[in-house]
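Here we start with a single chain on its own, the form predicted alone, put down as structure tokens.
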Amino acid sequence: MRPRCFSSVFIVPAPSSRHITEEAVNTLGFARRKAARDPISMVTCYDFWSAQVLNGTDVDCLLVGDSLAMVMHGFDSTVQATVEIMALHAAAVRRGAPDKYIVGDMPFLSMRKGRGFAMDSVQALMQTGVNAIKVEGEAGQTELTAHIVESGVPVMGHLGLTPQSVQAFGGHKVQGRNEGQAGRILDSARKLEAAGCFALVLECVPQKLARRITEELSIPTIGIGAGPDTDGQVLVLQDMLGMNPDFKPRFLRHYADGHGLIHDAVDHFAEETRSGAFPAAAESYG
């Protein structure tokens, strides 16, 4: 049986009494998992009810991603996520998953408005009960990332296709295909490790580049569209459950037909309501 370094060792109490020890800040179990070659599983989660379900699963950690702007609120990108929206969802996830290690995304431009705004944003997220924050990109914010780490806040990095920069990329495109791009991503990965990041998400990069970064860094890498050689994998819960059958990028595997299951269940309810089969006597009060 593989070790459970997250939910069994770093159980987080309710936010009102929660305290991250120095050991937890420095190790978090991630480094041990990389050393043991024990892959890390992470699922993106946005609300209380799904967090309740995930709290009882074997998944190692949860990510409250700014992709909630798209998945939960219907926007066409992640840039509409604000600190207030992220904090609202993060608090709900913590209430639903008291035993899981939770990472919260720093939203669009929150790292680019000066140290004061950034630290206020970090404080708002951490006070929801998350264990760590995730920061997209490296250029122009390495010093600030290091300052956040030095302030006692664990930071997960994120390189490759960083959705907050999708307009600059010209769309959702694989990053690091040519030598120049690959070199810049590798250099940024080294800088984020030096700044104190405890782990690094690699999104939509070639498998060869992800393998090289994983081999060179001492911190674990968690891939999404980065091939099988990273130290872990992350998927959005709604995506892996097949809630949007039309969304099927190359990296995504559907583990259920969630859309069909819910659709058929609701149709069954509507049919039984019309026929009078629901509610039955057993479902009525005397």
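Worth saying up front: this structure is predicted, and the values here are computed from it rather than measured. All residue numbers are counted from 1 along the displayed sequence.
Beyond what is shown, the protein has a form predicted in complex with ligand KIV; the following relates to that form.
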Hey, of 59 to 67, 213 to 221, 255 to 263, 30 to 38, which bit sits against ligand KIV in the predicted complex at 4.5 Å between non-hydrogen atoms?
59 to 67
Heavy atom to heavy atom, is residue 51 within 4.5 Å of ligand KIV in the predicted complex?
no
In the predicted complex, is there a heavy atom of ligand KIV that lies within 4.5 Å of any heavy atom of residue 230, even though the partner is absent here?
no
Although ligand KIV is absent from this view, report whether residue 203 comes within 4.5 Å of it in the predicted complex, heavy atoms only.
yes
Indicate whether residue 134 is a 4.5 Å heavy atom neighbour of ligand KIV in the predicted complex.
yes
Given a 4.5 Å distance limit between heavy atoms, list every residue of 237 to 257 close to ligand KIV in the predicted complex, or none if there are none.
none
